[in-house]
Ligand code: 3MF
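Shown here is one chain on its own, the form predicted on its own, set out as structure tokens.
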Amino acid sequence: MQPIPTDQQQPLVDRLTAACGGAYTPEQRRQYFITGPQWAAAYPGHALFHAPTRAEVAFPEVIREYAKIGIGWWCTHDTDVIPTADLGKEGQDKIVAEIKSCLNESGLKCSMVTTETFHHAVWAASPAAESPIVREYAAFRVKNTVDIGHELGAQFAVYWPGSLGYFVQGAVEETETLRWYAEALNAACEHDIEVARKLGCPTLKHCMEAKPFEPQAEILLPTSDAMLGFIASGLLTHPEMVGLNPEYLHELMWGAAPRAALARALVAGKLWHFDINDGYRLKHDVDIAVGLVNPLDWLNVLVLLRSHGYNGPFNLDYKPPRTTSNHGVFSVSFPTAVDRFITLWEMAGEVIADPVIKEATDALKVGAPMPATIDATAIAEAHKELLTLHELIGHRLFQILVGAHRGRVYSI
């Protein structure tokens, strides 16, 4: 193969993308509650050790491109689209009006808004800092996000308290910090109740997102389980309004099983929103697109969610690789991420209906006949063959993942 001239590279990528096949139409993609974040598509490829590799993309283009792909929902941080200095002022009103116009023209809806409480220098000591002025500003920011959410017709507000912690142990008093952070959430919920009453509409669903590492050395609410404890702690005045937005990779990063974390949220009735991506255990937050690292794990996650009737958003919270061009972000990265999710979601339905898995699961649930006496050894003996079905179920899941259950085999 000869070197590829610059003007032939984009057509090559498009041709090979089409050659992959297996793509869904925009109409098919819109049938799923898949949300596209402003920050994900606009991400220019920068990181702690990385310079940008792409031009930044403003929200009108992101919304238009999502519409072409078939992503029906859009979401944003407040400062992704509104300069910090304009928040709560006339500049915000103009930008929000422009966003509404873009959404209407493209046929998209706003699903969620979130407050940036981690990047600006004002959050150096977190939104629950010792200074009352900082905490008062944090309350303003989350209440202002509620206003933006209602103006755009959002259903959810998400909070990531990644800067809630410390670098130096002993520098903050953790119980005070948690109480101060609760005050900000209480302010958001109280304001939401007031605004919703005036507008005659439902309140937002306020969702907390956990992350075990970064940006602080120690984070006070690092996992979804920690957040469940926080919600139930008695510090919140409206705990019924506050749930979880787990992120797949954030749960995986600290060595946990995302499916188990989601199960605990389901049991608590707090799984309201879900950020979908992929990555590696005990590594940093690489935010790879769904299914590119752990497709079998993802299949199991979606089996759980389908089994329990989860109907909340699936938010594409990942970063297109630094090697992907601006054109590739919308021609390859987002369409293929959506298509892998849909394939895995539909495959999860196949798992649930699979006769082999159903019979094996049913057999495990009925167990063996009760021995004549209550004896641990006798009970173990009665089940020793039946329990082999655990491994068989794992094999069957793999078969469904690779299509072997439909006759796909390799000759050797």
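Start at 1 with the first residue shown and count on from there. This is a predicted model, so every value here is computed, not measured.
Although it is not shown, the form predicted in complex with the ligand is what the next lines describe.
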Partner proximity in the predicted bound form: W39 to the ligand, non-hydrogen atom cutoff 4.5 Å
yes
Since only the chain is shown here, I'm wondering whether F118 would be in contact with the ligand in the predicted bound form (any heavy atom pair within 4.5 Å).
yes
Report whether the minimum heavy atom distance between S224 and the ligand in the predicted bound form is within 4.5 Å.
no
Would T145 show up as a contact with the ligand in the predicted bound form if we use heavy atoms at 4.5 Å?
no
Candidate stretches 260-268, 229-237, 155-163, 188-196 - the one whose heavy atoms come within 4.5 Å of the ligand in the predicted bound form:
155-163
Pick from E183, D278, E209, D78: which has a non-hydrogen atom within 4.5 Å of the ligand in the predicted bound form?
E209
Taking heavy atoms and a 4.5 Å limit, what residues of 282-296 are near the ligand in the predicted bound form?
D285
